[in-house]
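Read the single chain below, which is given as structure tokens and is the form predicted alone.
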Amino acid sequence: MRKIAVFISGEGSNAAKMLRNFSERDGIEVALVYSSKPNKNLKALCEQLGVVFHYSLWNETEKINLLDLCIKLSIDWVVLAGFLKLIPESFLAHFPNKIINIHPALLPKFGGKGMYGMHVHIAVIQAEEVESGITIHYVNGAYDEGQIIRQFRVSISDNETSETLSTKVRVLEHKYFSDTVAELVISAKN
């Protein structure tokens, strides 16, 4: 059984999707959800499914405590599902090529510090792109620069707004993210 930790900074819709999806799968489970902001709905879902939910501010002490908690829970992989903080070197060293992120655009465009959520969709619309989508990628020491695992695309219509694009991208996230993570984690050799 591969154990994953899911880190979030927002509402946690992708984390909730994974919690539900993986509770019905063999070979993978969410053992920990960490949130850098309070999230009573996700906390309640974790309690219902018997998953450890941990909330705290993201600071130097917490980074050490969170890595210790991951080790204590025998976490194999870390999944960033809307987590907005830079992952420290200690995590990268402990989970080499085992930290996965999702980005709401087609990297390498529209990535980097400050490019998250609606900021990304506004930038895509302003650049008059004809398509957008999601990028699932490994995490390295820089924002959105890790090796791309998969991308899924959506067309942008002539009258697209950042809000309608956000909705289209969220549909892709919910359709593909948890299945891609499961496939990758379960098929990994170690």
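Everything numeric here is computed off the predicted structure, so don't read it as measured data. The numbering used is simple: start at 1 and walk along the sequence shown.
This protein has a second form, the form predicted together with a small molecule, left out of what is shown; the following refers to that one.
- Note on the partner interface in the predicted complex: the residue among Leu106, Val78, Ile87, Ala81 having a heavy atom within 4.5 angstroms of the small molecule is Ala81.
- Taking non-hydrogen atoms only, Asn14 approaches the small molecule to within 4.5 angstroms in the predicted complex.
- Phe95 falls outside the set of residues with a heavy atom inside 4.5 Å of the small molecule in the predicted complex.
- Among residues of the shown chain, Tyr116 is one whose heavy atoms approach the small molecule to within 4.5 Å in the predicted complex.
- Using a 4.5 Å cutoff between non-hydrogen atoms, Ile100 does not count as a contact of the small molecule in the predicted complex.
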